[in-house]
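A single chain, nothing else alongside it, follows as structure tokens in the form predicted alone.
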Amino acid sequence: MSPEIATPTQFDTTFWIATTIFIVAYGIIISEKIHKTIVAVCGASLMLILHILDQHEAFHLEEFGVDWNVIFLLIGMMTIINLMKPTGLFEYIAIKSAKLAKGEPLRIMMIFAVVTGVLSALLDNVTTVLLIAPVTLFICDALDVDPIPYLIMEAIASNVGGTATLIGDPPNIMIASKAKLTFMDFIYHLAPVVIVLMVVLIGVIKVVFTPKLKSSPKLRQRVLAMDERAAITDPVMLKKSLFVLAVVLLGFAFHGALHYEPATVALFGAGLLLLLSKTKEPHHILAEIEWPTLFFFIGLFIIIGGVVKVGLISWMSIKMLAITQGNLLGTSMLLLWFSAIASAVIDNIPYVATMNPLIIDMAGQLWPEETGIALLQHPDLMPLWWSLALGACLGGNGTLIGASANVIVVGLAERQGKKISFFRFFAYGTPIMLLTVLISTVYIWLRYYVF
């Protein structure tokens, strides 16, 4: 029998210990003084050592513990991408895109933004920027143009494009797992507005960068002379990878009808591609998985589980409902904008980990007669899930620490001696973030509360 969540009035010693661990961990993560994975693992271990949660609750109870569907979905997709990387596919796409733009710097930025957005929806935004950013630096060097605006726009495009699908952005993976939403749910509810947002982003790029991006005909010719076919180093493995990726995407599209969790589909694809690759020793493939990110998730889930159990999340949900007085339109709008602003200040992953149980608790208070999936997917609750997804994913564009993709782009640029300052990212990202969230506000209002 599952242990009960404490009521919000039980502000006992355990409540204050768990709340202190939660606040201190978040503060250190925001400060970036200590690596976020170390903070998350230490915070989780304190929750266990101090008996806020026991080990069974942390590792085996969905209510309080690690969301293994998220963990294994990420492991599966990371393995597939690690096997695809050596084929040269992503270098081919980047060079081909630059040539389609005829070496024009502005056109290259616009095409790279679209490519990044589409790949982020199909793969995930973190993986996409890891693959696109190095090639961008190479092409910008050939054109003798500043790569920083390109990299910032790619990070922004990755967060916008990744919003469209279940696998595109880690917050969506977490929301889908908690709310039992399918791949096609995200496509149906979020892809339409994301298409609009990508068109708006391209328009912004054209307006802002037309007078700034220039290059000589001689340098443009250097890009046109590149041979994208030479980037493909393993055509046989490329064909195998594309076949497996197609199977996985089909599996994601129909996983609800087939009664498979997304993690099952991703792990099947990873296992199949490992088998087809004929890799004798998979150590190097598995070693390249982003284990620090995975352990960050694991620690974070346990920290959040602790504050859920002691009643902090219930108390927060009551306060939020009090602000909006139970008005669901008001709650959606508050959630959308609060999520966007909060995700710009802190990484959107820990933010969504906190908000998921809060929304579930709010739903339990609004519809106490409902349980299980009927509660999680109550028709009146669905706009809140989409508001959370849009706010968290788009809000990540506000600052360079708002989303994992941003942090990775900044790190890759620094390795090449191209420093992206906090304020330069802020100058580009925040206006775009505010514009996209404003459009999303209109979308949520029209789609769920007018028509």
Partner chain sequence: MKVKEIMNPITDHLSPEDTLQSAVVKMRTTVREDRPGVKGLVVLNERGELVGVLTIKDVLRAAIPVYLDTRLSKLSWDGMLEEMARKVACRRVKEFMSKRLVTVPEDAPLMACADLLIQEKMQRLPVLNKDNRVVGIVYIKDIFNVVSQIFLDQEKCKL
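Positions refer to the first chain, counted from 1. These numbers were taken from a predicted model, which means no experiment stands behind them.
There is another form of this protein, the form predicted together with its partner chain, and it is not shown here; the text below is about that form.
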(message) Within 4.5 Å, heavy atoms only, which of A230, L275, A246, V236 is in contact with its partner chain in the model of the complex?
(response) A230
(request) Check each of G251, G271, G256, P86 and return the one that places a heavy atom within 4.5 angstroms of its partner chain in the model of the complex. (result) P86
(message) Counting any heavy atom within 4.5 Å as contact, can you tell me which stretch out of 70-78, 115-123, 129-137, 331-339 lines its partner chain in the model of the complex?
(response) 129-137
(message) Is it the case that E91, even though its partner is missing from this view, gets within 4.5 Å of its partner chain in the model of the complex, heavy atoms only?
(response) yes
(request) Considering only heavy atoms, tell me if D380 and its partner chain come within 4.5 Å of each other in the model of the complex. (result) no
(message) Within 4.5 Å, heavy atoms only: does M226 come near its partner chain in the model of the complex?
(response) yes
(message) Under a 4.5 Å heavy atom criterion, is R415 part of the interface with its partner chain in the model of the complex?
(response) yes
(request) Can you tell me which bits of 136-175 touch its partner chain in the model of the complex, meaning any heavy atom within 4.5 Å? (result) L137, F138, D141, A142, D144
